[in-house]
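Only one chain comes next, encoded as structure tokens, the form predicted alone.
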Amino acid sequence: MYFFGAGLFVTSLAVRTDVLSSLAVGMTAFGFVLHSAVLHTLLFGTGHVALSSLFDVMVFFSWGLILTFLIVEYANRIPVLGSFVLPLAVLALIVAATVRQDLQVLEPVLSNIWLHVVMTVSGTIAFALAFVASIMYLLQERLLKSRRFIPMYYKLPPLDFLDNLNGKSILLGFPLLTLGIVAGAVWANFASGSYWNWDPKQISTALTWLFYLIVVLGRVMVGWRAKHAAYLTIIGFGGVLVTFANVG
């Protein structure tokens, strides 16, 4: 459902009518209901520690990303957002489908890894929305400068809205990532007796956190906006992808 919805969303960028995007929103919502049922079974019906593998993380990430899109779409009526969010969610599910799905059994005291993952992935979802807003911002700015008033121009939101969405998403995602890192350190201490083990996942997460800290301070204290903030957000999300690649 997401795959066909993404196709409709992308196709809708080339036409002025909103019929395709409206159909795509409905298809996405229906797919989300099915996705929620699958996620519930994965978390509570398989008997393994929830959110303990890359497969689990990717399924949860795509679910949260779609949920975020549906909320933003309901509040702001900007279905064009789906043209950029749906392909990302589909890509996450493709990754999930290609990785091993080994069940992990941990001691009960260590089974609270889900709290670390939920916080971290929730922050990542917010960063993904900021990334999408940045891509849309740069596209809209280029269309304005080149005076290319193609159908996509009329569908993309105003630059101020996209910059505001970028900023709010980062300001939401950063504290969630911070809480996720703290929860992960506590879990690591239970698992290995050390809060910090200098493994690639921890290092990449720390570097990503530091980068977004600079972006947050730049937005709040220096006033970074517009194209500058958009480019930094795109770079930061590249660090997020590296972190995901290190999830075992």
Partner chain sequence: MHIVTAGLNHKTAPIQIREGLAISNGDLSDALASLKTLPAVEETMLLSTCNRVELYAVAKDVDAAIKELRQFLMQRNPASAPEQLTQHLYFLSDDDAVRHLFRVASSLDSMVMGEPQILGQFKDAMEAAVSQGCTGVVLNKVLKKAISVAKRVRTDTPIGEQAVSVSYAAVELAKKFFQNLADHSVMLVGAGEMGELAGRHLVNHGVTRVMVTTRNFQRAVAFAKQFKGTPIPFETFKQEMLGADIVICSTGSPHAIITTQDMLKVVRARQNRPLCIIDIAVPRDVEDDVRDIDGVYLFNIDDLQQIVAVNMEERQKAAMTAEIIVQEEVVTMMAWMKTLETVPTIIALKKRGEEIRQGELEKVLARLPGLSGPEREIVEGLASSIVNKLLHRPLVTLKEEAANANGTMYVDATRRLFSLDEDSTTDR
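Numbering follows the first chain given and starts at 1. Fair warning: this is a prediction, and the values are worked out from it, not measured in the lab.
FYI, the form predicted in complex with its partner chain isn't displayed, but the following is about it.
- For residue 73, no non-hydrogen atom is located within 4.5 Å of its partner chain in the model of the complex, even though that partner is not displayed.
- Proximity of residue 222 to its partner chain in the model of the complex: non-hydrogen atoms within 4.5 Å are present.
- Though the partner is left out of this view, residue 159 does reach within 4.5 Å of its partner chain in the model of the complex, counting heavy atoms only.
- By the criterion of a heavy atom within 4.5 Å, residue 226 is counted among the residues contacting its partner chain in the model of the complex.
- Three-residue candidate spot 137, 145 and 153; every residue lies within 4.5 angstroms of its partner chain in the model of the complex by at least one non-hydrogen atom.
- Only one segment in the set 137-145, 83-91, 172-180, 122-130 has any non-hydrogen atom within 4.5 angstroms of its partner chain in the model of the complex, and it is 137-145.
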